[in-house]
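Take a look at this single chain, the form predicted on its own, given in structure tokens.
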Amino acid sequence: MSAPRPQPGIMEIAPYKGGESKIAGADTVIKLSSNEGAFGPSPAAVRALEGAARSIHRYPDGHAPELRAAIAARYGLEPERLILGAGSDEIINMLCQAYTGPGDVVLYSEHGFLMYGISAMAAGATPVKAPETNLKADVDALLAAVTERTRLLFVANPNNPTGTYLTADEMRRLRDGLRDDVLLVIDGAYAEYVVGTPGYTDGMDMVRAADNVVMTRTFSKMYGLGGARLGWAYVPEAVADVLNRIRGPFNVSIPAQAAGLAAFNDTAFTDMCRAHNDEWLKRTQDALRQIGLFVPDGVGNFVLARFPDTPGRTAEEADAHLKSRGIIARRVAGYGLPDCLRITIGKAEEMEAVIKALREFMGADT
């Protein structure tokens, strides 16, 4: 007898692996491997989550009307064009499911988020990477890679794990170079750390101006709700109609909605988180450059550090050294960057520990 068989291509998917959280033999660790919020969730979100526990016997309203209304009011958006998901990962999956299938291509940049390729293959489509220039998405390379089979183009702006981003002019040139039937998806998971930067667009204006642009956002980073699984997207009306047809009716839980609304409204907390991140992103970048590491001019809540390919100084050895000091960074070989580590911005004392450990590793204190 033969066993049930999955769809073609499923067994070729390399499962996504999240950042490590434990070190064998260590009771206490500094976890900087998953780009989680340095200060965790807002106290207001915690209180809302606790209050929501009394309602978890009820099915949630998958349209999340209160949260959608709050997002729409702040950004001047149409609530009916907002889609909520169990993290922006679910929205990425839904887009691939809805708009691609066997024979279609999902395009993204060389060091783009791993879930783009996984979601494409799960839908039966073919993932294709376009080369980057200096660890940054290349508009010309992306456009050159578009074929008649291309259906989706994902651009994380800023990108994880490189931290680089395309300017508003570059993003508009990319959109203008696409056919109308290619859907441009702007992944804004780290947009909250960059909004207000001259020359940057989070993509909302581009969604308003075109019928083939989508912008996704998440509550996992700035809002510290990675464990709640909550994300949203601003999409054209036709795309909203499609996604609402395939979206699970109860895909966003009552606790996630309650915590998300409270976190979204606690602007004093997010202002504090942003100010801390701005300070320690620069301090960490400067400190790592001073000890001889290459660090791109990245944004977001993480630093990418490239190590020399010499014995005793490799990324693998640096990772082992950090772990010996109770610090977990993120190996990014799966992103095509085997000589790099990605380090999340944590609390001040955590970043001081990282800098000290890497100074030791690079021999800067001898």
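If you're wondering where the values come from, they're calculated on a predicted model, not measured in any experiment. Position 1 is the first residue in the sequence shown; the rest follow in order.
The following text describes the form predicted together with a small molecule, which does not appear among the structures shown.
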{"query": "Sole residue of D89, E192, E170, E110 within 4.5 Å of the small molecule in the predicted complex, by heavy atom", "finding": "D89"}
{"query": "Among the candidates R247, K136, R229, H276, the residue which, in the predicted complex, approaches the small molecule to within 4.5 Å (heavy atoms)", "finding": "R229"}
{"query": "In the predicted complex, S220 touching the small molecule (heavy atom, 4.5 Å)", "finding": "yes"}
{"query": "A156 within 4.5 Å of the small molecule in the predicted complex, heavy atoms", "finding": "yes"}
{"query": "Contact label in the predicted complex: N160 to the small molecule, heavy atom within 4.5 Å", "finding": "yes"}
{"query": "is_contact(Y234, the small molecule) in the predicted complex, heavy atom dist at most 4.5 Å", "finding": "no"}
{"query": "Among 212-220, 239-247, 71-79, 118-126, the region lying within 4.5 Å of the small molecule in the predicted complex by heavy atom distance", "finding": "212-220"}
